[in-house]
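Shown below, as structure tokens, is a lone chain in the form predicted alone; questions about how it binds or moves come after it.
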């Protein structure tokens, strides 16, 4: 039997859709799943008549592949990846390529890369964004690993990726764990933008008294302008959906508790380790964490008081204010994500091309947005740009929209409506633009109680004062 171009392990929805995508673009695929029934369901169903070959044990799977073998893992991050690699290793040879397409922690990818390199096996951490639809129709793909082996997988990855006028939404990211790191930060930025959108929805509904159908129309309108993005688009669609049983907007029947899978948390943790400030991602994380305290919040709502909402809705001009505030928050969130990538590139020797990352994020992925055109242009013009906020295009946007961001935050605070994302964006912007911050006092306090020393603005050197 003819050998397959590529093997794929893991046939949950993402893996199944990716296998179908690969086959549709002219590559034969061998598939394997831990439970054989899942494999049978695929080949007897959606894959019937296609060049998708079922296998039912690891040896059969590996032997069905042409050399050098190219294997895509679509299994749950963590221990399952190590378990599959342990099963594969006895059957692999030097030169074979293994790609992990899950959301693996980047330090795990570094470890696996080093371990497999000892046997001559080329390991890639491949970020894949776009959800189930993207996996089938064209995701954003962020591969990181040995550059010399990339040409062996590039034709497959670029053909199955989302396509834009600027090219396929796939590019070599960097060595070792670079691809998984960029996907991790992508997910962190996704958290931040979703939080901003939720806060805008809450303010417009609570303060402007807009109905869910009105909000659906508004977000659809916003998606036709500068806010155009996948997340704004699906927000309109979510708000349009009516529950068939009750006739109510479905969003009103969904419990206000948000889950998370870890990539946002990892983003914040590594940013802390690197000393990079990403308050919008941090705010999105604690926003989800406090949502989990549903029982406590219900009890607290009966005891703790705050401002009453006004009897009348805020004036209609606040809708335009909210649009500009949301846009400002999105710009600032992307700036934080790119600042983290810039520092990580230097710290981990990834040599990231931020303009190219912005380019491939323009299609297929969850944070695709019109704004990425501007971000790509800014880093293409100046690859050493310290922060996106100081790019002329972004500085102009924030000069135009910051008054709206301030008004939105002020209104929310006055009404007792929590806006951790909008507030974090404003605080980051104001902190970054100030030449002098009050931490001179903090450093003096540190020197007072711990002799931590300080520097002076009027002379070089390190100083300590006997304060008492």
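Predicted model, so just to flag it, every value in this text is computed and none were measured. Positions refer to the first chain, counted from 1.
Another form exists, predicted together with a small molecule; not displayed. Remarks below refer to it.
Engineer: Does the small molecule come within 4.5 Å of any heavy atom of residue 260 in the model of the complex?
Structural biologist: Contact check for residue 260: yes, within 4.5 Å of the small molecule in the model of the complex.
Engineer: Although the small molecule is absent from this view, report whether residue 191 comes within 4.5 Å of it in the model of the complex, heavy atoms only.
Structural biologist: Output for residue 191 is yes: heavy atoms within 4.5 Å of the small molecule.
Engineer: At the 4.5 Å heavy atom threshold, is residue 229 in contact with the small molecule in the model of the complex?
Structural biologist: Output for residue 229 is no: heavy atoms all beyond 4.5 Å of the small molecule.
Engineer: Residue-level question: is residue 359 within 4.5 Å of the small molecule in the model of the complex, judged on heavy atoms?
Structural biologist: Residue 359: no, not in contact with the small molecule in the model of the complex.
Engineer: Just to be sure I understand the contacts: of 155, 131, 383, 80, which is the one whose heavy atoms reach within 4.5 angstroms of the small molecule in the model of the complex?
Structural biologist: Going through each option in turn, the one that passes is 131.
Engineer: From the list 376, 103, 321, 268, which entry has a heavy atom within 4.5 Å of the small molecule in the model of the complex?
Structural biologist: After the contact test, the surviving option is 103.
Engineer: When the small molecule is placed as it is in the model of the complex, which of 72-80, 243-251, 123-131, 301-309 ends up with heavy atoms within 4.5 Å of it?
Structural biologist: In short, 123-131.
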